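We begin with a single chain expressed as structure tokens, specifically the form predicted alone.
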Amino acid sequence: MNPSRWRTVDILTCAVLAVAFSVVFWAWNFVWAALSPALSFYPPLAAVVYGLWLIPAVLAPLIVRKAGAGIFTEGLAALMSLLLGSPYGMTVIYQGLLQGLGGELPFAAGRYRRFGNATALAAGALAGVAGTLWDVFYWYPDADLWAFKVPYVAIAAASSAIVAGLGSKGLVKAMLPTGVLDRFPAGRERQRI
């Protein structure tokens, strides 16, 4: 399979994932707003829930295995999140594209031929780093480097590696037996009975 050639089913699958996760993002904004005050004793700890926003950046490349799938899906999910009423305004689009790029890099480094746990973990972590670097420069420019910025990015990277990285691998594994992924390279990995 040519990793740069997209089929209609690839585009539609990424678009459906983006729309579905934009609704999840919209709801997750409320969770973030509710948890942030509860974690105010150590503000960087709020980044522990960051990984959910990054699942499309990892899940789409794991399924369709095409160059740009993470950027397209995460960016479109961010746009749809904006249309649903994201409290972050237009910046959510830029951040979504940046998160998608972070998630895309490990797949690109493997030339879209490596889709194991290590690649998924790296994709989740880099998407988390990309997203939180945007945060610390745009939303928290005056925060202390060592007291807030570095721990915030590190906590988000670890959380994102687990939630977005391994979580996306888990979602793919859960979908494999259903046959829903049979039209994709990921679906060809399932064991036939």
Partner chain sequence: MTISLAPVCDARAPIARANPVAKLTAAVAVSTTALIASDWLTPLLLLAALLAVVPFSGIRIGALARRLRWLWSAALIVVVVNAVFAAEQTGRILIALGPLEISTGALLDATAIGLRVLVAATAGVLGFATTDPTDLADALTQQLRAPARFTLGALAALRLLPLMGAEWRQITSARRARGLEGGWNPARRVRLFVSTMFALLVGAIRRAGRLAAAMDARGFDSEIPRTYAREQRMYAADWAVIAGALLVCATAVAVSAAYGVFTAF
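Think of the rigid core as the biggest set of C-alphas that the two forms share within 1.5 Å after superposition. Model, not experiment: these values are computed from the prediction. Residue numbers count along the first chain shown, from 1.
We do not show the form predicted in complex with the partner chain, though everything after this point is about it.
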| query | finding |
| --- | --- |
| Proximity of residue 122 to the partner chain in the model of the complex, heavy atoms at 4.5 Å | no |
| Non-hydrogen atom contact residue 83 with the partner chain in the model of the complex at 4.5 angstroms | yes |
| Residue 76 within 4.5 Å of the partner chain in the model of the complex, heavy atoms | yes |
| Residue 91, heavy atom within 4.5 angstroms of the partner chain in the model of the complex | yes |
| Residues of stretch 107 to 139 in contact with the partner chain in the model of the complex (4.5 Å, non-hydrogen atom) | 134, 137, 138, 139 |
| C-alpha of residue 27 off by 2 Å or more between this form and the one not shown on rigid core | yes |
